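Next up is one chain by itself, shown in structure tokens, the form predicted alone.
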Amino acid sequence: MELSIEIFILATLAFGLMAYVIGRLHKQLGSIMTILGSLTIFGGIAYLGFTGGLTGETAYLTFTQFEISEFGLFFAIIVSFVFAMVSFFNPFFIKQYKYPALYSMLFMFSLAGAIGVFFSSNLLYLFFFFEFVVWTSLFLIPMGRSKKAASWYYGFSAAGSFMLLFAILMIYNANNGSFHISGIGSVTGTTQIIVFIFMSGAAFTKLGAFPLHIWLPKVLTNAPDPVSAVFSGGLEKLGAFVALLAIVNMGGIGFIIPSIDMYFGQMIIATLGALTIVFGTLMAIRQDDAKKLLAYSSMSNGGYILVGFSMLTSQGVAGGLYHIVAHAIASTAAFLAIAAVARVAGTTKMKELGGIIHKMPVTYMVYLIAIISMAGIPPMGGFISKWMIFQAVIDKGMIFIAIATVFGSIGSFLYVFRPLAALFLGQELPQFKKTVKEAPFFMLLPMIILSLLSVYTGVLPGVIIDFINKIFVDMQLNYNIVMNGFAIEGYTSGIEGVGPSLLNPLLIACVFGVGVFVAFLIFIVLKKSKKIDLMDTYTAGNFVYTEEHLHYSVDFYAPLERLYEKYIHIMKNFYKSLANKVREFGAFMKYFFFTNKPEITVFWIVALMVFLLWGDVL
């Protein structure tokens, strides 16, 4: 089967240009082109992945700078699927943007750049498409609430891009002038350590991991609602892709730590991943804005991916890859659910909302399923991925990392429950009683598909596990995840005569199904409660007329937040201080080098030329 990756890229760019031209004539028709384009591209890549990519057939390329690999297909299918699902929201939000035609074009261009990253066999091409994604997505952000968020994104993205470029140039130098991607795993010695640090830094930046996470909550909170879903579910995964290349492809870095049979470099990644989980969880708990809460949740889940990769074991790496799938589906669904609410309510502040379940029951169910997956609760995909990661961490004997992963799951249930209780449940505020209604069908359609996939990935993991095993073979890793019927085999228990531990998601789902059915019967049989408004209550003999003051989403977890409130601004203050130092250095350079006195300018030019020609002068 002869296929060409550049056709996918050129077709995506062409759809973007058509969306721009049509969007100039009719903004909504232009946004509809993003639906047709992203669905077409996803369909083509999915066909390649689940026919040619998984059956062992060879896909021949007409351009040698691209290469079809199993792990490239894995990421491309996920990201193109996220774009396809989010595109259904574009026609409903396009009127809010100042430059609607430009939005539609940049939306498709970002997808084209992501495809280029995943299939580039040449590291320079990988860098070019990496930058292409940065610049196209950069101009999508200011179309939302704030332009300042774009500057934060650009600053951190520039740092990540420079780190990636430096790593690529060092790989080129160490491999006798070759930019082929296979050179990542062949660098040795001090160069290997430096390349590992730079590539990990680029991955952390794009993934929004600690301590390079500052841009993530700002962008996901202030970007247009569909763009926030694209970032969280899709574009962040470019960081996971680079992390996979750096952490797994390069092997052990630094000296071995005998007590846990782990290299120092991987230990640092695992520790930073654990800090990402904990910090993201604690920050999410205290947020009142639902989008900002989900942004920190996205950060925390990126930490699980890093922890899984850093284990360098079958269960760990497979858990990280599975979590990429589970989080992409769940996070996209959650952001789209909040976007649907924001469209009719005009806000994502939880203290300004309440009781929306009565008007938006389907959207509520979508969000409920998404948060169950993000919290790692069966029968959703997030449970399987976190189970594998936790197995890998425990097998290594890394107790503190294990505590962080468990804390993240418990904490995630706390913070994702907050929008559930404060936004969807609770009392319906009077200003929304007549204005809020369920989202249109074409907004509900992608959310329902994502919800069904969250359940599917949590009940029948076989297809994804098979794909992951193909990735192991493709990357020449001696890893394998064994399926025993519908069950996933874990590590051997270590007890004589006892086989490996088994996770049977289908059995767990059946048990949960029985529980839900029994609960439903109880709900049907028992007497129904009477629905009343807060206006029907009184205190001290007086009726309460200011019902919004009793809305319990305000200071939801105040007692818990007070325990760590004074520590949450450490990293933010550090980056502010760093920014001030950069400004001071810029003022210094301007004072000495960019003056209105020509003699000073001539002096520095002469001094610079003497410095550059010093050897020739002597």
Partner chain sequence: MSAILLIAVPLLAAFISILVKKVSPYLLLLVSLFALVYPFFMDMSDVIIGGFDSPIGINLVVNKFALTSLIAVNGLFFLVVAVNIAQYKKLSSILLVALAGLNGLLLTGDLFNLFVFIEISGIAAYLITTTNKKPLQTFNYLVAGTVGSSLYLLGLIILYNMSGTLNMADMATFVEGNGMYTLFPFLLMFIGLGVEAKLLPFNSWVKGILGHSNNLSGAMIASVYATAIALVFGKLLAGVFQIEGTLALIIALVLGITILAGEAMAYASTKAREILLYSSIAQAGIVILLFTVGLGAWATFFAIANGVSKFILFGVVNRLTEEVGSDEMDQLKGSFVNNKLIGVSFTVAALSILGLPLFFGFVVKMNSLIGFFEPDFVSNLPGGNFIFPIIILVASVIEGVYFVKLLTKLWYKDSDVKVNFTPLFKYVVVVLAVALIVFGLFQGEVEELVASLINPGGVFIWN
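Numbering follows the first chain given and starts at 1. Because the structure is predicted, anything quoted here is derived from the model rather than measured. Just so we're on the same page, rigid core means the largest C-alpha set that superposes within 1.5 Å between forms.
As for the form predicted together with its partner chain, it is not shown, yet the points below apply to it.
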Partner-proximal stretch of 174 to 182, 441 to 449, 233 to 241, 269 to 277 relative to its partner chain in the predicted complex, 4.5 angstroms, heavy atom: 174 to 182
Contact residue in the predicted complex, from V455, L477, A342, L124 (heavy atom within 4.5 Å of its partner chain): L124
Partner-contacting position among P211, G155, G462, G346 - heavy atom within 4.5 Å of its partner chain in the predicted complex: G155
Contact of G265 with its partner chain in the predicted complex (heavy atom, 4.5 Å): no
Contact label in the predicted complex: I570 to its partner chain, heavy atom within 4.5 Å: no
Any non-hydrogen atom of M609 within 4.5 angstroms of its partner chain in the predicted complex: yes
V195 within 4.5 Å of its partner chain in the predicted complex, heavy atoms: no
Contacts with its partner chain in the predicted complex, stretch 148 to 173 (heavy atom within 4.5 Å): A150, S151, Y154, G155, A158, A159, F162, L165, F166, L169, M170, Y172, N173
Large Cα move at L25 between the shown form and the other one, threshold 2 Å, rigid core: no
